[in-house]
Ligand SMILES: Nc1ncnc2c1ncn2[C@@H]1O[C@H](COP(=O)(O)OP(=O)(O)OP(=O)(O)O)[C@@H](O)[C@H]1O
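Single chain ahead, by itself, as structure tokens, in the form predicted alone.
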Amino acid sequence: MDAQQQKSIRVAVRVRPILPADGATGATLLQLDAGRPGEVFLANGGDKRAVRRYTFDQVFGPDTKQHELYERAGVPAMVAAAAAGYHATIFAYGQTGSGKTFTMEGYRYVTRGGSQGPAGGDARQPPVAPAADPSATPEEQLGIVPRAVRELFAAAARDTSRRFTIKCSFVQIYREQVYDLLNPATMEALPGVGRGGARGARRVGGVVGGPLRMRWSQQEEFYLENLFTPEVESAEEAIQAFQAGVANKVMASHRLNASSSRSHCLFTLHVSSAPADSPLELRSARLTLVDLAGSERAATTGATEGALRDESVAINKSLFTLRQVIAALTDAAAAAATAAAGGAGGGFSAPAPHVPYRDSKLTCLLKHSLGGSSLTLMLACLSPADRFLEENASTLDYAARARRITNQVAVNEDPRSRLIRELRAEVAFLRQQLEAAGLPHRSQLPTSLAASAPCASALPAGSITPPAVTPASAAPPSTKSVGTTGIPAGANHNDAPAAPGDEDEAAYANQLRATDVEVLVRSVIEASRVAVASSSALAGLRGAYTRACASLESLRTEHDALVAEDTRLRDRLAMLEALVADSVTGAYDLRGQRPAGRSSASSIDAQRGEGLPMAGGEPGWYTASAAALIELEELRRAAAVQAGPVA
């Protein structure tokens, strides 16, 4: 499974046993059939003959033990895939009190007074915060998380060809804020919550840290800033970190569940590995184990006011977004299947529906698991009591939808490492073909031929059949010509290997085949490098071309503006020249009469300033065009200045 493959989300259903807190409502509507191990039947409350049938990958009844569920659900295979470099996610989904936390953790929870908090709770139970007691939990009761941690370290220990580095992180999403359960400083900022996840006096001053910020990058997509990810050397150390985080998460009690998780918890194991002889070929994967908070109804839980009500609203809101994401991905898969079925007709294909990952912190962190690149297992937990008919129907509907979602699964490794691995696999495949044809490869050549083999040139791409070695017709009998391999006739023995005798020509040609394969591989590597360099150069040229186009467009805009200004000035000059031509026929005094003995030609002198007022206050001769001529000269000078850049 090295290449990218499409893998559907696997869905397993678990039905918990009947509890005293379920009441006397009966358990007849939810039905399991031992003869049909992968099916669940849900009857309608009004008409028990109307039965809905659901099909899943696995169905576990109330009598299923923890180790049996772990094995039959395929968790060991997912852990092994995570060790091999694939992302893997397991999450439990269902209503409150359906057994999600028991399935994932398996720990016993006790209240502050020391009494055990049974699943289902008691309606008269006071709302105190329960706490996990791992030391009092028997080994057979442990859930998926402790078993998966041990399985992962065992798989890493078995693979001696690679060196593993395992880190862990543990976060909770409480009221749409993400808190680091392994960093107690962030827990101090929880609203109304003290240390240890217990509801108590809130620290008002000196708060250090706070909720983690969600970030996005092209390489990592959604990630948490400043998340604490300590390296763990053993399974015991990782389980201790998990237990410390469980002690910090927010818990409460209500009518349906005496040990109710008030937040979504995500425990992630970050697995990095590289071959012992090649540490740069790094693989990185994440094994994410998720315990979702259960959907709640205020009428049944009694959370009608205070912090419990606010927590229920936040939990239901994030689960609603999760269901929207599942529905959108299912619709997208159905649209893709329809388009593929009718693709031959070339018809119009509807755009893919929007997937609202960003509407909730939970769906942001699970993006790689839903429609991403992860192997995903969904555990749908059900309560068998008849009064939970609607909740069970909703859980089964969305579980059936999630089963139709496909992920693009592939090994998470560096692209250069992938290229090296693929080229090595190609070389191994070609050597197998040579061995199958009974031809020796480079490791089987004699020492003298193996040393001289790199001097031979490569065969044409896509061919592994070497050219025949034939003697040159114009050469002496003792001189051989190997034209197609690039060794000219009569070449110096220091430049090319000496050809063997006539009786060994066929064997020598066969022995050059391994060299051709290696030269072909080198050519592929060099071609990939040239392609990368060419791509970078092309990107630079495209950027320079874009900048040049923008500069040219700016210059064109400026030129058009100058041309328009020049046209406007020329029109104004023409108008003023026409005005001067009309008024040059004569000069008038200030009283509007032509002076005696003054010819029309004398107006030219007036235009030169002789008609301006004279010293002593006596007015001289004045023409109507004098001021216009002065303005005309100024406009001509301005036009000459403007016309200079345009020309």
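Quick caveat, the model's predicted, so the values are computed rather than measured. We number the residues from 1 along the sequence you see.
One more form of this protein exists, namely the form predicted together with this ligand; it is left out here, but the text below deals with it.
Q: Pick the stretch from 237 to 245, 95 to 103, 423 to 431, 71 to 79 whose residues have a heavy atom within 4.5 Å of this ligand in the predicted bound form.
A: Partner-contacting stretch among the options: 95 to 103.
Q: What is the one choice in Asn257, Gln172, Ser374, Asn392 with a heavy atom within 4.5 Å of this ligand in the predicted bound form?
A: Exactly one residue meets the criterion: Asn257.
Q: Could you spot which one of Ala380, Ala88, Val149, Ala293 gets a heavy atom to within 4.5 Å of this ligand in the predicted bound form?
A: Partner contact (heavy atom, 4.5 Å) among the options: Ala293.
Q: Gly23: heavy atom within 4.5 Å of this ligand in the predicted bound form?
A: No.
Q: Does Thr186 reach this ligand in the predicted bound form, with heavy atoms at most 4.5 Å apart?
A: Result no; Thr186 lies far from this ligand in the predicted bound form.
Q: Could you tell me if Ser261 has a non-hydrogen atom within 4.5 Å of this ligand in the predicted bound form?
A: Output for Ser261 is yes: heavy atoms within 4.5 Å of this ligand.
Q: Examine Leu632 and determine whether its closest non-hydrogen atom to this ligand in the predicted bound form is within 4.5 angstroms.
A: Contact with this ligand, no.
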